[in-house]
Structures are given as structure tokens and as C-alpha cells.
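Quick heads-up: it's one chain on its own, the form predicted alone, in C-alpha cells.
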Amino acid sequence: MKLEMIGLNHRAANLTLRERAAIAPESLPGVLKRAVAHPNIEGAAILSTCNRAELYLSPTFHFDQTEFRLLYCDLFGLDPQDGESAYIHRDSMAVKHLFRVSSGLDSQMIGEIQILAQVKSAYATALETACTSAILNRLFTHAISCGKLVRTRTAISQGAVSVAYAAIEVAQRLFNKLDTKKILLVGAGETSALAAKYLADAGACTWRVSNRTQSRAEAFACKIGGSTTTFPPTNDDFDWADIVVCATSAPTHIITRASADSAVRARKRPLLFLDLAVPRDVDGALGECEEVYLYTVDDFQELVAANLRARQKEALRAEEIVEREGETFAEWYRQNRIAPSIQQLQIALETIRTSEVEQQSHHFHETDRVEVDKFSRSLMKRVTSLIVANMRRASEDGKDLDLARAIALAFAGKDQETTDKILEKLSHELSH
């Protein structure tokens, strides 16, 4: 099989190395064109995300591992020693790897949804820059199909598996729709940014940001289209908000019962506190107030742990789907690699048939000639079908390439160039 891949992911490399290996979307076309300019590369595709940097190739001949690592480092702008950490998969293992990636089985967070869209994007870029090959086209379209199949037939992507996302699930359960809800974000760090992203994906669009450093609060608010308020937030903020997300690094409570009690008591609608901080930002006593719902990291971690256990069970079913789809791809490939010989056989037999019918035509009346033509077509179809069936059956024993070569030589016609191309292609296949 003319496939191989090399890459780095969250298991093979630390964050620093993965960041260096990442290729910006606007740079991908140029890197792909450099790759296919190599005399041994027929097609290439690159999957570059925050957690992986992978190069997929359709080579004329498999690369030597050392050469392959150096090529990878050159294309991804890495030092030669960085390539030692990269993993390499070839042929059926490369197929299985991409199928597992697109299905969310190779992700840092099992069952993640974003990776399927990233595989689609990687393929689209390679296709738009005319850098793919027939086998890469089939590989990526089948991988995308496999990823969809896994998510349709299993629950591998269901249920929150991060604290921030679990918090948003809680908010959706309480309010159903979030597009009309007002969000107060206390803290402007990574956790708040992640929670804001998930909330925005769920429809939230009205924000206030409260942060100890005002300049950082303003930058964050500008990014999400919100406004800023004082730190810590005041009764006016608690009266305004429907959801309060807290994620600071403060050593003590930022929001106490005393500071929020009057606003909470005056409310006539629910107020949800999502406390993502450790230690906690919100005084637990606030949870005793009517219309107040208070959830902490411990609550979310229990939900995350349960969801992870459920996803791991679903992963077993997903692996079975990947195995079956990998076998389907391998069967397609075995049939595809002998296709030129089959086509040559069909052309040769059809040439013989038409020539013989033409030469013998004077022995028949016009009406009889039509029947002879039908009979000869049927006969040749049966002969061809028998030979093709035996060629495909030979693939089970790995003898299909030898048989295809013999047929190419046996039915070589005047077009020697075509025969030579077929033999060259078969020789390449035999080398893999």
C-alpha cells in the first residue's frame, strides 16, 4: 500500500515542541507544495492542530525512516533531533491511525468533536492546492465518513469531559436557552476564556467582566463584545446577571454572602453561580438563599468522571467500527491496485472480439450478424468476469500483483507504452 504518515501529538511531544511544529493555516498551501515537489512524493496532506502536527504521504517508494524524519523536520521547521520523537505509521497502520484520529479515539480528550472538522479542513486545503493523490483522496473521504459513523452509532462524544464544559451543561439544564441570559465573568484567565467560548457556542452574547487588573478586564471584554465592571463585583452586578462564572486565583472568597445578600434577596428570578476556582471564589452560604444555584469544581468533577467512564465504554464500540472500516479500505485498495491490468485486459479482449466479428461478417446475413455480436459480447464478458474474479480472489493470498503482471504481459498489444506504465505501477506496488 502506498501510504505513510509521520507526526507529533500530545503523547509524543510536550507543548513547547507541538507549538513549534504547528503550521499556520495561511502557510499550509506553501508547505504542501514543497512536499509534493519531492520526486518520491505523489501526494501529501497535513493535519495541524493545537495537539498534533501530522504529515500524510502517498510515496512512490516508502522512505527510509531517517530520511522521512529529516523531511518532516524540514517541512515543519523543526531541528533534526526533534524528529526522533515523531511516530511513523505505514500502509494499513497509517489508515487505522487516521481513522482513529477522525473518530476522536486518538485525542487528548477522548471523543472530542472538533478533530473531525479539522480533518475535513486538512483534506480541503490539500485538495484546493492540488496536492492530493487518488489514494489520499480515498483515505481522507473514508476517514471523514468513519468519524461520522462512529459519532452516529456510539455515544463517544456525548457528555462533558472538562470542568468548564460541564459547568455550561449545568447552565443549559437550568435555563434551557442562553441567548437572552446575562453573563458576569469574574476573572479573565484561561478558565474564564474557555467558559466564555462554551457559553458563546451555546448562544450567550451579553457579558460583563470583573477582574483585579482593569487593563486585562478591558482586553477580555473587548474580545468577547462585553463591558467591564468593578472588582470584586457589586450588588448591581448580581442584580443584572443571570449567570456568574468565577475563576480567579484568589486565596479567599471573592463573593461572600454579606457582599451579595441584599441583591440576591431582592431578585425574583434564578441566579446561577458556576464556581470554577480552587480554592473557591464563592461563599458556600450563598447556596442557601432562595433562587440561588451554586455549583463548585467538586460538583463538576463528579459529572466529568461519570461521563469519561461512559465514553471509555463507547470507545470499545468505536474501535470495532474503525477496524471494520479499515478492512473495507484495504479491500478497495487491493482491487484498485490491479485496476490498470483489468482495464488493459478488457480493452484487449474487446479489440479481439470486434476484429473477429468484422472478419467473419461476410459469412452471415445482416440479421445474423446482430446475434453474433450479442453472443460474442456475452462470451467475452463471461471470460473477463472469470479472470477478474480470480485476480481479486488472489488478493486474499497476496498473489494478485503477480497475476496482474502476468496478464499485463500476456495481453500486451501494440501500445507498449501503456503496458510499460502498468508494469512500472505493479513493480512499485510489489516494493511496498
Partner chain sequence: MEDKLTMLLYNLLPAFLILMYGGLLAFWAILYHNPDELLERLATRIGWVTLGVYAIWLATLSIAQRQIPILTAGQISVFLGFLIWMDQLFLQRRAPQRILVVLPLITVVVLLLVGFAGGLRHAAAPEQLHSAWSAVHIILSMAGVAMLFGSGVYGTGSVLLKHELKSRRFGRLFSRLPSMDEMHRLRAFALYFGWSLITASFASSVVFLFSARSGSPSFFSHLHEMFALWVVASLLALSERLKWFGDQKQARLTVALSALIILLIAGSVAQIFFGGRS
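Bear in mind that the values here come from a model prediction, so they are computed numbers and not experimental data. Numbering follows the first chain given and starts at 1. Between two forms, the rigid core is the largest collection of C-alphas that superpose within 1.5 Å.
Keep in mind that the form predicted together with the partner chain is missing from the display, and what follows is about it.
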| query | finding |
| --- | --- |
| Interface membership of G77, the partner chain in the predicted bound form, 4.5 Å heavy atom rule | no |
| The partner chain contact in the predicted bound form: K223, any heavy atom under 4.5 Å | no |
| Contact test in the predicted bound form: Q172 vs the partner chain, heavy atoms, 4.5 Å | yes |
| Residue contact check: G287 to the partner chain in the predicted bound form, 4.5 Å heavy atom | yes |
| Per-stretch contact check against the partner chain in the predicted bound form, the hit in 357-365, 265-273, 326-334, 94-102 (non-hydrogen atom, 4.5 angstroms) | 265-273 |
| Partner-contacting position among A122, L194, L294, I110 - heavy atom within 4.5 Å of the partner chain in the predicted bound form | L294 |
| Option touching the partner chain, based on a heavy atom within 4.5 Å in the predicted bound form, out of K181, R208, H89, H142 | K181 |
| Residues within 4.5 Å of the partner chain in the predicted bound form, restricted to 303-322 and counted by heavy atom | L303, A306, K313, E314, R317 |
| Core-superposed comparison between this form and the one not shown, S107 Cα displacement 2 Å or beyond | no |
| Post core alignment: N307 C-alpha displaced by 2 Å or more between this form and the one not shown | no |
| Core fit, then Q172 C-alpha moves 2 Å or more between this form and the one not shown | yes |
